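Just one chain follows, in the form predicted on its own, and it is written as structure tokens.
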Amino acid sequence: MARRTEEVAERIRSTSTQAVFGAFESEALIGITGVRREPLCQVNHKATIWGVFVNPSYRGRGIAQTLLSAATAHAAEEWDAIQLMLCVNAENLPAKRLYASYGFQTFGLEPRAMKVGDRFYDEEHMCKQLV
């Protein structure tokens, strides 16, 4: 189901509990990632990386690593986060390699975490300690 531009803009708007980072070439957005945290004091030591995406024609240039670095720095410096979390499609080997190279470790698998059409996808849960 396609989302309206306004819906997408609202989902990626930076707030006190979410920050969104973009990579640009001239004025074209070529990569995006976001990080968010829960406001509850019991869990706000953690932040969650979501939606790392780089336009396929720009991959392999370190853009994803730069976006991850910006999101990590924001979580650590602005929110005092000491742990980063993320989920990745278990079949997405390039993304899993990227996250592992950045220090994330798998700690669990959620079967049938996502459904696209009639197909289910498992997701790996990953974590990186910042302190």
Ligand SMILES: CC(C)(COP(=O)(O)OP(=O)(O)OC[C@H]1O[C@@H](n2cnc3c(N)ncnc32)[C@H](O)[C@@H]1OP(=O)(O)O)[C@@H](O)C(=O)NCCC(=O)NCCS
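For every residue, the number given is its place in the sequence shown, counted from 1. Every value quoted in this text rests on a predicted model; they were computed, and no experiment measured them.
Keep in mind that the form predicted together with the named molecule is not shown, yet the notes after this line are about it.
Asks: Decide whether Tyr99 counts as a contact residue for the named molecule in the predicted complex under a heavy atom distance cut-off of 4.5 Å.
Replies: Contact with the named molecule, yes.
Asks: Taking the named molecule as it sits in the predicted complex, is Pro39 near enough to touch it, meaning that at least one heavy atom pair lies within 4.5 angstroms?
Replies: Taking the distances in the predicted complex, the answer for Pro39 is no, it never comes within 4.5 Å of the named molecule.
Asks: Answer for His74 alone: is it within 4.5 Å of the named molecule in the predicted complex, judged on heavy atom distances?
Replies: No, His74 stays farther than 4.5 Å from the named molecule in the predicted complex.
Asks: Evaluate Ala95 for contact with the named molecule in the predicted complex, applying a 4.5 angstroms cut-off between non-hydrogen atoms, and reply yes or no.
Replies: Yes, Ala95 sits close enough to the named molecule in the predicted complex that at least one of its heavy atoms falls within 4.5 Å.
Asks: If the cut-off is 4.5 angstroms on heavy atoms, which of these, Thr106, Gln65, Thr48, Asn44, is the one near the named molecule in the predicted complex?
Replies: Partner contact (heavy atom, 4.5 Å) among the options: Gln65.
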